[in-house]
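The chain that follows stands alone, in the form predicted alone, written as structure tokens.
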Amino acid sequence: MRVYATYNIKGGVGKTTAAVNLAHLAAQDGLRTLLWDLDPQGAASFMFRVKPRVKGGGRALIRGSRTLDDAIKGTDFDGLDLIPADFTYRNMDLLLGGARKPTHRLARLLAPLAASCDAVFLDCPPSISLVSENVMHAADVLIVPLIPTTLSVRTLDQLTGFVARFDGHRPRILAFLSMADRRKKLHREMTQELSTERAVVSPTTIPALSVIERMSVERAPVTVFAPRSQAARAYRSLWSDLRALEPVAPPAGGPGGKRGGQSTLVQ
């Protein structure tokens, strides 16, 4: 089982659209795929036409009175299931803070799914939090959408520096340019610079197109309702980039090895 997480400190950069389309493409490839909508706003749940509610809420999941397997819902697409969002996820930091080994709780919750899932996608809320640290410890790959601006580069540098300080398990980072508008000189310059000078930045760029915005109207991945569009081709390219990544090395000391990290992302 490989765990992918769409993550960025900033909101509105294309995390959910990437998670929804990549999860659908994984399922199309025959992988048993699960998407966990960790954002209390529930955009991914909305797009998959699933009510954003988990019985017992985030408390039941974090405390273990309800397993992740019990919370899984089916979608309209073969091989693709969803753990929906819940408004109580807004308090997940507090719930995790009361758990044993609070930065590793999500990883422990996900572990039993290895027998039934090939790929898990975590659609993460924009934050610097205990939830963020849990995601980084649980994920094999952090998928980081970047709008082509200087501040996005600063965010990427902060993230890579933070992950580099982890002991043992370190997720790979694959960033990509999102919502890129070729009409804007800055976007063209930043796209060229980042894709050629940063090893963690994918050569694939997701353009700013109205067909992607229509996902919330169609309530489906763009790879479903516009499979021949430029946007769908870009997401397929990004999925190919992800599949080409080598698996992360196991933690020091084997599966039970220590995982560590600092407590905050921004110093």
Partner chain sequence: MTPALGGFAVAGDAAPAWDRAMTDVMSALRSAFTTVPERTASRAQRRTWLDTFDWRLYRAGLRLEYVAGELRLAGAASASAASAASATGATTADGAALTRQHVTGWRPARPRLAESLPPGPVRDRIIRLASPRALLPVATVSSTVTVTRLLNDDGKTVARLLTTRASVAGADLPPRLSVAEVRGYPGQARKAARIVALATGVSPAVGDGFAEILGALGRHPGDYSNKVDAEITAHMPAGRAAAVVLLRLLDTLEANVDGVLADIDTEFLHDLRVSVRRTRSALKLLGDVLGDSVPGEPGRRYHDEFKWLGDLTTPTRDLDVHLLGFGAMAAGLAAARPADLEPFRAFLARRRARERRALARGLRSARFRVLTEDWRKTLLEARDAGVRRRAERRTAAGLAADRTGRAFRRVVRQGAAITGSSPDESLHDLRKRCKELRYVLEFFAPLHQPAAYGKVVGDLKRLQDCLGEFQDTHVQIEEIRALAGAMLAEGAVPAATLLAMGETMAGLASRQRAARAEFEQRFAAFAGPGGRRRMSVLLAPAAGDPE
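Just so it is clear, the model here is predicted, and its values are computed rather than measured. Positions refer to the first chain, counted from 1.
Omitted from view is the form predicted together with the partner chain, to which the following refers.
Only one segment in the set 227 to 235, 65 to 73, 35 to 43, 209 to 217 has residues whose heavy atoms sit within 4.5 Å of the partner chain in the predicted complex; it is 65 to 73.
Among heavy atoms of residue 77, some come within 4.5 Å of the partner chain in the predicted complex. Contact annotation: residue 116 falls within 4.5 Å of the partner chain in the predicted complex, judged by heavy atom distances. For the chain shown alone, residue 86 is not a contact residue for the partner chain in the predicted complex, no non-hydrogen atom being within 4.5 angstroms.
Residue 239 falls outside the set of residues with a heavy atom inside 4.5 Å of the partner chain in the predicted complex. Among the residues 54, 222, 27, 50, the one placing a heavy atom within 4.5 Å of the partner chain in the predicted complex is 50.
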